[in-house]
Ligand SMILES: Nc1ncnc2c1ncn2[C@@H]1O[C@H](COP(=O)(O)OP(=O)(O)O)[C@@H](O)[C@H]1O
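The chain below stands alone and is given in structure tokens; this is the form predicted alone.
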């Protein structure tokens, strides 16, 4: 039996707009093992963010099945879902959303604070692992855009998630800094965490080990990346 971090079976999602039902995702079948890095590409409005919201338990209105770490979400109560979302899933968005009144180190340790397990030494060591210890005690306004986004990636890793979900994480970065972020994701997956990145940038997607195209509600596997 494969050790999947995430699996969907006939996953569908629709919205009601006026008197019309809009089908966004149609019978999506998707599997990703621990340590794999998948990219989902597609045009704006194709449902990429919707897919991430469902996988990240930010949206629970769907048909079909979603399994995380072998467990079906439909069999979980809200408390269990909240615990998994807090401890097992890391989120990275297009904007870093670091809190300006806290240092980079404090921002990275924030998820652990929310979980009641603060440990700034752990977070400092996480910064060292990614060669970012030099920005630990700086405030977000005092570091570059690329450094802020890398800090946001480490914040997503803070609670040791099994899955990192990234929504257009390089969308605000130049090519150089985008490359650094993508290298970070490859490192994260090599350490055993599944990474799912949605992007409209096909060049960025080529850094993933698996590539999918989402269009017209359908998810189709594409050629592998590097």
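All figures in this text were calculated on a predicted structure; none of them were measured in a lab. Positions refer to the first chain, counted from 1.
Not pictured, yet referred to below: the form predicted together with the named molecule.
Engineer: I'd like to check something about residue 11: if you look in the predicted complex, is any of its heavy atoms closer than or equal to 4.5 Å to a heavy atom of the named molecule?
Structural biologist: Judged by the heavy-atom cut-off of 4.5 Å, residue 11 is well away from the named molecule in the predicted complex.
Engineer: I'd like to know whether residue 158 contacts the named molecule in the predicted complex, with contact meaning heavy atoms within 4.5 angstroms.
Structural biologist: Contact check for residue 158: no, nothing within 4.5 Å of the named molecule in the predicted complex.
Engineer: Is residue 21 one of the residues lying within 4.5 Å of the named molecule in the predicted complex, judged by heavy atom distances?
Structural biologist: Residue 21: no contact with the named molecule in the predicted complex.
Engineer: Is there a heavy atom of residue 49 no more than 4.5 Å from a heavy atom of the named molecule in the predicted complex?
Structural biologist: It does: once the named molecule is placed as it appears in the predicted complex, residue 49 has a heavy atom within 4.5 Å of it.
Engineer: Have a look at 192, 43, 29, 70 for me and say which one sits with a heavy atom within 4.5 Å of the named molecule in the predicted complex.
Structural biologist: For this set of options, the contacting one is 43.
Engineer: Which among 49 to 57, 169 to 177, 184 to 192, 30 to 38 is in contact with the named molecule in the predicted complex, heavy atoms within 4.5 angstroms?
Structural biologist: It is the stretch 49 to 57.
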